[in-house]
Every structure is written in C-alpha cells, then in structure tokens.
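Shown next as structure tokens: one chain only, the form predicted on its own.
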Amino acid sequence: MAIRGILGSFAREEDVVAATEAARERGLTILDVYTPYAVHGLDRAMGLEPSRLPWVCFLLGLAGAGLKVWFEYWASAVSWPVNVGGKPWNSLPAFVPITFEVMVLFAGVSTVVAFLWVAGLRPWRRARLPHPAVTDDRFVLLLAVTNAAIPVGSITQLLALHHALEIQERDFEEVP
C-alpha cells in the first residue's frame, strides 16, 4: 500500500528539530527523520519512548553471568572434581573474574545483535534513502498525509516557516 508523504529537507539541525516539534504539536504523523549524524533532542521532538535496549543488555548480561557460574560450578564440583591445593570444589570467589568477563561478553554481543534485529539492519537489505543528500549534509523530515482535515498547503507552509530548503510531495511504496 502506498503512503502519501511530504518530505522536507533542511540545512541545519535546529530547523529540523523545530519543524518536528511543530508537526507533532499540530497532530501530524511523523514517519521518520533522517540525519547524517545523531541530533540531540530529536527523539523528544518526535515523541519517541525511551529505548528498551539497556534492559536487553542488563538481562542478557545477567543471564550470561548466571549460565557461566552454573557451568563453572558444574564443571569443577560435579562433572570433574579435582582437589587443587585444598580449595573447595565450589569456590565462588575464584569464579568472579571470569564471570565478569563472560557477563560483559554476553551483554555486549547480545545488545549489538538486538539492535541490528530491531533496527532491521540486515546484510541482504539495501538502504532506501528518501533524499540522496541525507548521508551528506541534509536533514530530512518525512510526514504522512493521512488526515484529510489538514490541507497539504498548510503542511508545506509549516515546513517553509522552519526554513525548509526543499519540499516534495510524493508516494512511498513503504517508509524508506
């Protein structure tokens, strides 16, 4: 299904943040905002919820540490108990350094994999950019034209008010 959208191209990050805030205040549907680098405050301007990625990192790091402690206890006390220097078989303080390393490994790798999965960044997918200059020096705001009560002219005026360099109205097969 094709989505009718209006694309506004900006030269400065302050302009795209202000235009995004104004579009959200007017009740427009913001499909996405494309920037050549991370823009501070853009997530709040878009009304995005905080990321759940820190929780994924914490929980999978905790799971890695738990699995590691279980495995080391099983290997040293159950499967192959060896008396080394009179230490007990289940010496938990000896497990701490390696447990920390495995926890960091699980948390880091799983966070990267979760991010790539949620963001849809897969090797076989080609990037679809709404504007060719978005990887260079332009900031692009993509709005959906879904509400018939808001005329397209007022949306273009809103973008022009915030110093849009280029405004295009076009159909998108899917959101780029």
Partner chain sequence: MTRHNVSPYATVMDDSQLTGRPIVLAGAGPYGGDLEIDEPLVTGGKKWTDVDRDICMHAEQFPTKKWWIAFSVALTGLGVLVFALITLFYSGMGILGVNHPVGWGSFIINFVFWIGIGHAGTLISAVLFLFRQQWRTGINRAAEAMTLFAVACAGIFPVIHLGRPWFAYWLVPYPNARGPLWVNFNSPLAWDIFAISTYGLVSLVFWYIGLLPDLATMRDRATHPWRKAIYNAMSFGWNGSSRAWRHYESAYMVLAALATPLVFSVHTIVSFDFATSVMPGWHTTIFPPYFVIGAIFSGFAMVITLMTFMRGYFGMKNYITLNHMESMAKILMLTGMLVGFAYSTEFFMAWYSGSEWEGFVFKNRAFGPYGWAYAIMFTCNAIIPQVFWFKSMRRNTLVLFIVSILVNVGMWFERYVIVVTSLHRDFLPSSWGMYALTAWDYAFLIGSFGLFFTLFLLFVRFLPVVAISEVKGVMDPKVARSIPPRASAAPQEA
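Positions refer to the first chain, counted from 1. Predicted model only: the values in this text are computed from it and were never measured.
As for the form predicted together with its partner chain, it is not shown, yet the points below apply to it.
In the predicted complex, its partner chain lies within 4.5 Å of some heavy atom of H163. At least one heavy atom of S51 is located within 4.5 Å of its partner chain in the predicted complex. Using a 4.5 angstroms threshold between heavy atoms, I167 stays clear of its partner chain in the predicted complex.
Using a 4.5 angstroms threshold between heavy atoms, L59 stays clear of its partner chain in the predicted complex. Interface residue among I150, M46, L67, A144 relative to its partner chain in the predicted complex, by the heavy atom within 4.5 Å criterion: M46. Of the residues in 19-42, those that come within 4.5 Å of its partner chain in the predicted complex through at least one heavy atom are, in sequence order, A22, R26, I30, L31, D32, V33, Y34, T35, P36, Y37, A38, H40, L42.
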